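Same chain, two forms, each on its own as structure tokens: structure 1, then structure 2.
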Structure 1
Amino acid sequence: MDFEKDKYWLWMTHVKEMWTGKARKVLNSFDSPEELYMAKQQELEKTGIFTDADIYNIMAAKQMDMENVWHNLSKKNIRFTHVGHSGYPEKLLLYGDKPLWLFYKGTLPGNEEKLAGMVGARNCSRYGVAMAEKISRQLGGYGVGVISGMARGIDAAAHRGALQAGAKTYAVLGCGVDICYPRENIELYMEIVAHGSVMSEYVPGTEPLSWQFPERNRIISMLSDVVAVVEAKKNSGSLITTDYALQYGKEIYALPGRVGDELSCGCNELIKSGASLLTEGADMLYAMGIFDNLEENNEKNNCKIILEKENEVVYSCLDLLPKNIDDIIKKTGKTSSEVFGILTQLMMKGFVVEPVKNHYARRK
């Protein structure tokens, strides 16, 4: 990054209300941001693409001390890239509605890096979280990075899975990269910055507003080689990501669910209309052009848990969705203190979790 070279681009991003769509129009009329910066008010008016407010904003932005802005960015470790810049991801250049610039913390994905997008519901089930984590961990095992939106629920689980596998993971935010939204994901945010990057086309300091989120979904789709949907309701925002993915010609995978489960409605609908069915990370590899070393990475092999017979009886009637203690007692036919005893043991050994009071589920 070089201040002298990039300062006009940076200046342009800081013009008030210079959203990507408008910026694209502007750059059709002007060769570069520098030209825009140099343009006099009359010249701006002559182009006919600006409203009075736009012109006012542009003129006002010229008063900004760009050196100071630059300094503040580097203080926060925020980097900047734009179309035509050497660091700009080549993958994005293919698409008409690409972001013209990106702010990011960490390192952007390399041009050859294989990336899988993973999106899904925020208010998801434990099953969804566990599956998202598992699949992205498996992908990580094959050296595939995971890109998502760092939202609550599935997004966060997807990032976490990749981090567990020691793989790269990238988050595209719907707000400025210096803002951690939602706030409770702050630890995840730091981890992602350390093992990949958080990026955004919005100027640092931009608050998370609802209309910005569909837009960031398009960047997730552009950067991914395949897109996976884990748990989505009928009109879920995740489906915006798949719409973009279709537009960009990406393969779509969806995690199936029971018919009638609201959180699986969107996914089942996708499968019905032609998306591929996703049950494990390896499913997505072919679409990304990875054909080798599938065997040794398979996590399934070392997943088999050997338990005493008594414990096995209880463990076998659990799954990823939390089950009430009463149901477990009924299924196993044991007394409540026996079942409590076994569950406590299994929890202490780390095989079982109790996500909700008296509801038990397998850890993975």
Structure 2
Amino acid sequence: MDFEKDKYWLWMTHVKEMWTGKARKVLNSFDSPEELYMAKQQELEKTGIFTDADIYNIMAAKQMDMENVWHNLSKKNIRFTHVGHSGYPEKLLLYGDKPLWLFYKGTLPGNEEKLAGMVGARNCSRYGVAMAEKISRQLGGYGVGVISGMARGIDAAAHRGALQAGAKTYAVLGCGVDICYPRENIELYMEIVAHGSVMSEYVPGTEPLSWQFPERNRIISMLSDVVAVVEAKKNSGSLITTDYALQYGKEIYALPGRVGDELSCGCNELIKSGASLLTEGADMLYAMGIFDNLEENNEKNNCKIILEKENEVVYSCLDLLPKNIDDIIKKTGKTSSEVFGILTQLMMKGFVVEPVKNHYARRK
């Protein structure tokens, strides 16, 4: 971050009730946040776009010590980016309702990075948690990052699955990035920051309010190449994410469930409406063109496993029937971290799959 270059953008985020929608209207009348900052009260009144409360809030914000605000963000390892900044994600620039700025901890996703959005019920079933973890783990094994909202239930399971695969994962929050919500996810929050990022368009210190969560869902959809729903009631908030995803032309996937099961109603309705069936990570990998590329590479480079001795030792222990990780460790005589590392490499190359948690097999 560069204080001199970004201070007026940062200032604008601290104007009371300057939400993204209002800020977008303001920037239609002013060329930049700096121009807004420099405007006198009479100039603000002449525009006709501000209420008396708006003008009061803008003038009051000019009294803030922005350098102190900047230093406080730095102390908390919070970074800031905005439209026009080199660090702003290019994927977001495609959309008219993009966030004008983002606060984040960690590292934002790269512009070429493949990302799968995954959302679902907070009060989910064990089956939903297991499937979310499994599918995210499978995606992560092929280098696909997972983005979600860090809520309890399916969101948290999606993040965990990606982390288990050693992949990157990103959380878009409906509060400030310095607030872990729900509090029970504090360890997950720290892991996400270390292996991706938590991000928000809300100023640090902003408490979680119900209306902010649908807003953050649009950012999940914007950054995702495909979007999956794992368990959702008929009128679930998770379906807001798919509504945005459809607007943005993203392919939707839904995990099927039993007819009449309340947690499956939303997903089953999505499938009836044209969403693709989701049963494993491969479904989404094909949509992103990853499996097709891997198949071509496997045909050309099938001898690579023989050439890489460390990989060959582990690969030779596998067959088409899944084997438990403990059995693989015993047979190879290697440490668990070594085996996990080699298996991750083999999965990323397309030679190995993990159909069940901690069970590995050769890819057919």
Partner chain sequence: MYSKVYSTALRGVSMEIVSVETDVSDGLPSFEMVGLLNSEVREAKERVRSAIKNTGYLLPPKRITVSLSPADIRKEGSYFDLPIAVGILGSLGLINLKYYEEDILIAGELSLSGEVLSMNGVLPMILAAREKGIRRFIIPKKNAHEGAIVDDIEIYGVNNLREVVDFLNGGQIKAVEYVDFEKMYEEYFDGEDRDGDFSEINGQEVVKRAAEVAVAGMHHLLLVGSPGSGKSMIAKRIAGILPKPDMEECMEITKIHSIAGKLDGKAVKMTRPFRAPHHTTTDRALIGGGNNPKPGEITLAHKGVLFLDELAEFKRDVIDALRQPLEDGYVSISRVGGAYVFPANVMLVAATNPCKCGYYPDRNRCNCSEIQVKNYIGKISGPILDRIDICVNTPSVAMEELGRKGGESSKDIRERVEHARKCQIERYKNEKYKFNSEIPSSHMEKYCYLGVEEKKLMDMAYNTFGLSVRAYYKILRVARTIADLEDEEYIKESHIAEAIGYRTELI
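Counting starts at 1 and follows the sequence of structure 1. Being a predicted model, the structure only gives us computed values, none of them experimental. Only the largest set of C-alpha atoms that superpose within 1.5 Å between the two forms is called the rigid core.
Chain form predicted alone, by structure number: Note: form predicted alone is structure 2; the other is not.
Displaced residue check between structures 1 and 2: Asn68, CA, 2 Å or over, core reference: It does not reach a 2 Å shift.
Rigid core fit then Gly350 CA moved by 2 Å or more between structures 1 and 2: It does, since the Gly350 C-alpha is displaced 2 Å or more between structures 1 and 2 after the core fit.
Phe340 C-alpha relocation of at least 2 Å between structures 1 and 2, rigid core basis: Yes: Phe340 shifts by at least 2 Å between structures 1 and 2.
Core-referenced Cα shift (Å), Lys330, between structures 1 and 2: Displacement of the alpha carbon, after core fit: 35.5 Å.
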